[in-house]
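For reference, the chain that follows is the form predicted alone, supplied as structure tokens.
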């Protein structure tokens, strides 16, 4: 059942698409896929072993029933597989299965699968269409929306990639019933991030949902309808930002810049790189990054102590975050300089002047001592 349809209205008519949010949607995804890419005759599903084991048969059957010739390519599970090596293997699979420019790539999985498959679709034959079927909460409300694709490398996270909009996004909230607790926490941290920059209404809606949720027990059927509503509001917020700044203009430093979606990500990306992408889920790192950015905003007298307390409370409701004991503080500090938000010679920080009031500041405007002090509080 479709609960909501969110249009992505980009300047280029050929890049516009819809995001469907609902329950029981994977079982009928074939009709949706052929209506989204009517010229396609072949489809290749990119997924990982775990996700494909849960949903692959149903998706394959539905695609085949709709008249598509279906092949599959499975990648490893985890951020470390979002790499150039995996990209090359995926492109080899596209070639081996004869995927042409009129065919379609189907990304079935979380953010790693979506980013990797989308980037492969962007560079295969200089661009083929792809569809997103996100299976994690984080991918549903963040990475599947907006057309950012890419891989990690020794240089940093997401520094190699392309803007390549999907032809459609299908969000089936039923899949969240099988999501591990840590993955739910990761997704809810991303929801808190969007609430923090989106405004009190979105943050309060997220907080109320989390207060009524036992994250340890996951998502049950009774919560599915309410969750679909929350996901739709989160997607609508991101869609509005993406529509106004599709390619994240380097010169756009307003509160409507796509850069504001990186709130909490400076510290998050540094933590991930310093731990070789093996210790933290991306959303967990974002949760810690929210708290870091909030503390830095307070230190600079932008954000009130009450707002910092509120953000801490909402993040805690999302679930327990991993401890940072033992992480090399110097590696984290060094990783700041490798972040994709470096413009010219300066890292741009996304901070808050209040809930729903993001501000973009060059690192040159922030005393290094302030960053070092906050870093010391988080990694002792």
Ligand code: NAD
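Predicted model, so just to flag it, every value in this text is computed and none were measured. Numbering follows the first chain given and starts at 1.
We do not show the form predicted together with this ligand, though everything after this point is about it.
Practice task
State the residue from 143, 206, 275, 86 whose non-hydrogen atoms include one within 4.5 Å of this ligand in the predicted bound form.
Solution key: Of the candidates 143, 206, 275, 86, 143 is the one lying within 4.5 Å of this ligand in the predicted bound form.
Practice task
Heavy atom within 4.5 Å of this ligand in the predicted bound form: which of 66, 333, 327, 54 fits that? Just give me the one.
Solution key: Checking each option against this ligand in the predicted bound form, the one that comes within 4.5 Å is 54.
Exercise for the section: With heavy atoms only and a cut-off of 4.5 Å, decide whether residue 180 touches this ligand in the predicted bound form. Expected result: Contact with this ligand, yes.
Practice task
Would you check, heavy atoms only and a 4.5 Å threshold, whether residue 111 touches this ligand in the predicted bound form?
Solution key: It does: once this ligand is placed as it appears in the predicted bound form, residue 111 has a heavy atom within 4.5 Å of it.
Exercise for the section: Report whether the minimum heavy atom distance between residue 158 and this ligand in the predicted bound form is within 4.5 Å. Expected result: Output for residue 158 is yes: heavy atoms within 4.5 Å of this ligand.
Exercise for the section: Using the partner position in the predicted bound form, report whether residue 175 sits within 4.5 Å of this ligand, counting heavy atoms only. Expected result: Yes - in the predicted bound form, heavy atoms of residue 175 and this ligand come within 4.5 Å of each other.
Practice task
Select, from the options 196-204, 77-85, 298-306, 123-131, the stretch whose residues sit within 4.5 angstroms of this ligand in the predicted bound form by heavy atom distance.
Solution key: That would be stretch 77-85.
Problem - Within 4.5 Å of this ligand in the predicted bound form: residues from 279-301 (heavy atom criterion) - result: Residues within 4.5 Å: 281, 282.
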